[in-house]
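As structure tokens, one chain now follows by itself in the form predicted alone.
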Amino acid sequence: MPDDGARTASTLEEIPPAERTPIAGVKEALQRRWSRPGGRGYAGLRWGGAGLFTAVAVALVVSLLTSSSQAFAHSGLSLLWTGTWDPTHKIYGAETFIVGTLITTAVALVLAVPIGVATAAFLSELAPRWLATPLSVLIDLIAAVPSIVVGLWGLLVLTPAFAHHVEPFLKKIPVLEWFFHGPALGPSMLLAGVVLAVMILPTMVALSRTALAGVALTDREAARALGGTRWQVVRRAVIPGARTGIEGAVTLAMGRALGESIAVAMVIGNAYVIPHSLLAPGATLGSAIINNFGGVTPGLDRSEVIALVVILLALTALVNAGGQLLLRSRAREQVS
């Protein structure tokens, strides 16, 4: 049998001389590969796809700004801090909807983030495989449920339960009663936040599991070597090591909660006033768009509704941009 040196020599003889490059010439070899027709075709396809995506995004933004220009010309920036929405008297204000959007998103994150991280840690680090696998599949199935189905479930099942049991109970808690005063009606900011939490929980669990799985094995072994239990290893080493990924999961979940409209419109009560309590009905940007767009006439009314779309798009973009900046700062801290 030929030895390893002979096999290596024969293999090198099969490589064309133009591609026999040392390790130091890898960059030049890649440049020659990209200069081939296939490489040039892939590069053109890549740049073409990027250009098409950019063109679609720019066209979307331009079309929305153009359609909402009449609204901003009529209301100006006061549209952002005016709390009255009265198309009859041509008074338009998005303050109520912005406040409702922020409140329901905050309630959803308060509920979904700790539950999502705890569930991800349990499935990734603590649960046996025979239990973790079906639970993971179940969570993925929840993520695939359409929002209108979740909204109907909230309307038909959660609304009476909240009106007769949950909301009266919350009103009796001494410290929390300030947030839960007023009549228990069922449809409320709280119920909308709970429905949103159910919708973003699969995103939190899936992305947090990915972040936890990416923690180095040496970190786990070091914590075990110091005498930590399984729970201490998860709490002191794994979760802190996955902090950047968990923060990214929170950012994506927040973007999902900000933009949800159908499910929220079915359970929030759609009252165009700033809520005085989490038990009070309210409205969000998404629910206001859903409830108003179908019945408006072309002209100022429709332009004002499209202006709500622009505000929602800007709010979502700000959240995603802030999340990206946070992740980059965390990455620089880890490198330094």
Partner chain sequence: MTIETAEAAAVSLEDVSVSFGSHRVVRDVTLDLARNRVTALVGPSGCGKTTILRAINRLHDDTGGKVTGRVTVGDLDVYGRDTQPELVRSRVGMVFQRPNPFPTMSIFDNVVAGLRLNGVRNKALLHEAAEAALHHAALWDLVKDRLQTPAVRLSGGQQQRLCIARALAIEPEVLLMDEPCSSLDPIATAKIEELITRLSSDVTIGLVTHNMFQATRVSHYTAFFLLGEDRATGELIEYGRTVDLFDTPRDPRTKAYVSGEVG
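Positions refer to the first chain, counted from 1. Just so you know, these numbers come straight off a predicted model, no measurement behind them.
One more form of this protein exists, namely the form predicted together with its partner chain; it is left out here, but the text below deals with it.
Residue (of Thr84, Thr133, Thr229, Thr210) lying close to its partner chain in the predicted complex, criterion heavy atoms within 4.5 Å: Flagged contact: Thr229.
Contact residue in the predicted complex, chosen from Leu80, Val110, Leu102, Ala222 - any heavy atom within 4.5 Å of its partner chain: None of the others qualify; the residue that does is Ala222.
Among 230-238, 93-101, 163-171, 178-186, the region lying within 4.5 Å of its partner chain in the predicted complex by heavy atom distance: Partner-contacting stretch among the options: 230-238.
Thr218, heavy atom within 4.5 angstroms of its partner chain in the predicted complex: Judged by the heavy-atom cut-off of 4.5 Å, Thr218 is in contact with its partner chain in the predicted complex.
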